[in-house]
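A single chain, nothing else alongside it, follows as structure tokens in the form predicted on its own.
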């Protein structure tokens, strides 16, 4: 029965690929600037719904939940957001106001703007106020600008391997934090590298295919827009190691906007920033901070709440804006 369901899913995905929508048009449809989405399972089929239409589902408590925040850029003070510390604090206040306390927080990189100790100090001070006391980190390229990530690793890399990759288990789910910013390629494309890929393959060996897997890294692990470096050049090899698992969720930051897609059993999701938005792929000469009217800023910044229900094939991912 499960094989028939998967065959049906695969056929639906193939139908989407054959419906005449080109890659750029598909990406444009997937760009939800400030709109919340929930991924859930209905009759074995992945379904996405607008956050406002899914309030009943989103409000149901699962086995556990965690929150993803990303791209805080503490130290940034340009017109796109002259006070990124304040908007990070708003994000933490929103997390603290949740009806259920998340088990932990994942920060998917660019904690700082220039990897200065003072910027990390400010970040730490804000995060101390979070209701979830356990926080897991992966670095963004801005966290490795001035010292090859030494300050970042001293503060947030205890117990990690290499340039900061690690894994852990929580209530039956296996989490893997990957680093794809230590060796950026021409054009800014992310790279995992041979050593980390070998570690990932070994880390996943021996785990049951029924184990839900969550991969998280800064730069997307799927190619969104290579002209702006929005992708990871060796991600296909990493993703080949998770093909046998029944549920895989991939969480990224870096592009400061929500984009989602499903490939087979893998759900990809990028998060909004807590600092400033960036333009949709190809809609501006280059990537970078995008200024919006002050009253609209918090509507394009946000957090991601991920809910796990034992027995479900997919994690429910709910995005919400700060304003």
Partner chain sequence: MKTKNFWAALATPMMIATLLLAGTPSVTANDQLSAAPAAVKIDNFSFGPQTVTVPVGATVTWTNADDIPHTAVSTEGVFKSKVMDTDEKFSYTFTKAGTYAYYCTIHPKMTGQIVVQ
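Residue numbers count along the first chain shown, from 1. Nothing here was measured: the structure is a model prediction, and the numbers come from that model.
There is another form of the same protein, the form predicted together with the partner chain; it is not shown, and what comes next is about it.
Looking at the partner chain in the model of the complex, residues 101, 170 and 246 place no heavy atom within 4.5 Å of it. Using a 4.5 angstroms limit between non-hydrogen atoms, residue 227 touches the partner chain in the model of the complex. Within this chain, residue 158 is remote from the site of the partner chain in the model of the complex, having no heavy atom within 4.5 Å. Interface membership of residue 187, defined by any non-hydrogen atom within 4.5 Å of the partner chain in the model of the complex, is confirmed. Heavy atoms of residue 283 never reach within 4.5 Å of the partner chain in the model of the complex, leaving it off the interface. Figure note: of the listed segments 178-186, 86-94, 121-129, 194-202, the one touching the partner chain in the model of the complex, with heavy atoms no more than 4.5 Å away, is 178-186.
Checking 153, 135, 239, 145 for any heavy atom within 4.5 Å of the partner chain in the model of the complex turns up a single hit: 145.
Residues from 281-298 that approach the partner chain in the model of the complex with a non-hydrogen atom closer than or equal to 4.5 Å are 285, 286, 287, 288, 289, in the order they occur in the chain.
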